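Below you'll find only one chain, the form predicted on its own, shown as structure tokens.
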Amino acid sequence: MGKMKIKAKEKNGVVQVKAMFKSLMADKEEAEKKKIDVQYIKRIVGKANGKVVFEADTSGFMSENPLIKFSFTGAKKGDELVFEVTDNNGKTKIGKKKIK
């Protein structure tokens, strides 16, 4: 699991979020073809002010380096958006970004 890019902007009380997570997203079949280890993001959780604003369970069906877009209310400029990403091997990576 690699880097993550996060962009979050607040306008009129609505926060628009774009986030990209670097991962091969290789399920068993694809890993055998490429002769690599199985690697994919299993769970993505986004929080703002300690409140869950995005949550997804995934598998190898998603494309490489998945990009997600969503919006939510209840946060303002300067608040911190935190993503917690867990892969199929149980490794967790945390990314943070202040809302602009």
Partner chain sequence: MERRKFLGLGLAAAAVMLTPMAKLHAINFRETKPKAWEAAKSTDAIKALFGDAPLEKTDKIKFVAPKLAENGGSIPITLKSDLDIETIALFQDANPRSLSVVFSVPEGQKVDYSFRIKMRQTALVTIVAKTRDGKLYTTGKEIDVSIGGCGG
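These numbers were taken from a predicted model, which means no experiment stands behind them. Numbering follows the first chain given and starts at 1.
Only in words, not in the display: the form predicted in complex with the partner chain, which the text now covers.
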Notebook entry, point to check: Is there a non-hydrogen atom of Glu64 within 4.5 angstroms of a non-hydrogen atom of the partner chain in the predicted bound form?
Noted result: yes
Margin query: Since only the chain is shown here, I'm wondering whether Ser71 would be in contact with the partner chain in the predicted bound form (any heavy atom pair within 4.5 Å).
Written below: yes
Next item on the list: Report yes if any heavy atom of Lys35 sits within 4.5 Å of a heavy atom of the partner chain in the predicted bound form; otherwise report no.
Entry: no
Notebook entry, point to check: Heavy atom to heavy atom, is Ser59 within 4.5 Å of the partner chain in the predicted bound form?
Noted result: yes
Check: Which residues within 33-50 place at least one heavy atom within 4.5 Å of the partner chain in the predicted bound form?
Finding: Lys33, Lys34, Tyr40, Lys42, Arg43
